[in-house]
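One chain is shown next in structure tokens, namely the form predicted alone.
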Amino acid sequence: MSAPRLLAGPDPSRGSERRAEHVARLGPLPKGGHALVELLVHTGLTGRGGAGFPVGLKWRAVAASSHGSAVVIANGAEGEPHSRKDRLLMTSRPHLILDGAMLAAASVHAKQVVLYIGEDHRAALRSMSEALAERTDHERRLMRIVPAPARYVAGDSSATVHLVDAGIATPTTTPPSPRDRGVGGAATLVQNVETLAHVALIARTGTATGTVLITVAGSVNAPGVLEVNAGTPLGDAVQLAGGASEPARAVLLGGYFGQWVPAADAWTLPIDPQALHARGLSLGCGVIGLLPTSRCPVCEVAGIMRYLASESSAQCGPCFFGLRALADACTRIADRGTDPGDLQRLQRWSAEVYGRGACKHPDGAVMFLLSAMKTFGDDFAQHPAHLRRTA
């Protein structure tokens, strides 16, 4: 039997799969519980929201701390600018996500389920709302939708907890982690919606799904979301997206908290969270972004750093002042040309910012910048003045 796929069934472009069609295709909702948790441990499923933590181990920990009062948050914030996979899944396969959320609730003994959906993802919000209305009375009482603000940091697990508790999607200092003390002080399972959809299939088949959702972006002929078999070479995925629209200089793997890889080294990389981790890389949120040779990498990096600085929660100096200083130095190099002093400041300030923030946002931005300076070292060292700004 072939491995189950998230996007099997009706064409996702048709919109939401209704519950009757969903049940006819996949069968009724299985039971959650200890056996499912152990099955997830056995399959080795990892989270698809960015961190890549083993799902079964995470569910074990929440179940052990639950005491019947745990909370499940289905995270569909998807604040990464180029990512589209989660909203496609919420729009086209909402019942697969709701099934996963219900299985999670049963397995960790949760008293409520929060469907945390980006407020700008209107089609996804509509589809999930309509799907929730089709569920049983018990399920509707257990689950509720909470819109997530359109901010990069809103998808952080601690930010989801903070919004549900206090109405503000601000990441908070850890420890404790949400799985130890989350919403209302209860053990809280925060799980990406793609991860929950995988769980819904694993519970039905008893086997790993073996697929990965990715968003191919940048200089490709047909950018968008693909479901590929785990281990598919990155170059093959680019071909499935219509191929590169022009020669690629590098690939950004994992979105804005990801890493740059020279194009020559990227094509053979396996699209598999565990295999990439073994190579010191991460699939992160599943974005594969191609940077063409026609674009200046220093200018691209400076623009992304300005964006990440603007997304600061402004709750600590390393994030609010540190990221702004790093972004300003990158912009000076992009606009005025290389300055040895700015190159030294980028290295020194990166070391001073990393690990000192109130949340992980500054760490992610610093890792992105250091990856760029390694991959595009010659460009940073010999960048000409572009003088694109007058201010």
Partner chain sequence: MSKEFELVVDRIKCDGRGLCAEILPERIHLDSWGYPIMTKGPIPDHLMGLAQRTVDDCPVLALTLRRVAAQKHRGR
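Residue numbers count along the first chain shown, from 1. No experiment lies behind these values; they were computed from the predicted model shown.
The form predicted in complex with its partner chain is left out here; the points below concern that form.
- This chain is drawn without its partner chain; in the model of the complex, the residue among 339, 335, 363, 38 with a heavy atom within 4.5 Å of it is 363.
- For the residues 51, 61, 343, 325, the 4.5 Å heavy atom test against its partner chain in the model of the complex is passed only by 325.
- Of the stretches 203 to 211, 287 to 295, 310 to 318, 125 to 133, only 310 to 318 has residues with a heavy atom within 4.5 Å of its partner chain in the model of the complex.
- Of the heavy atoms in residue 356, some are within 4.5 Å of its partner chain in the model of the complex.
- Proximity of residue 171 to its partner chain in the model of the complex: non-hydrogen atoms within 4.5 Å are present.
- Though the partner is left out of this view, residue 57 does not reach within 4.5 Å of its partner chain in the model of the complex, counting heavy atoms only.
- Its partner chain is not drawn, but in the model of the complex it has a heavy atom within 4.5 Å of residue 175.
- Looking at 32 to 56, no residue comes within 4.5 Å of its partner chain in the model of the complex, counting any heavy atom.
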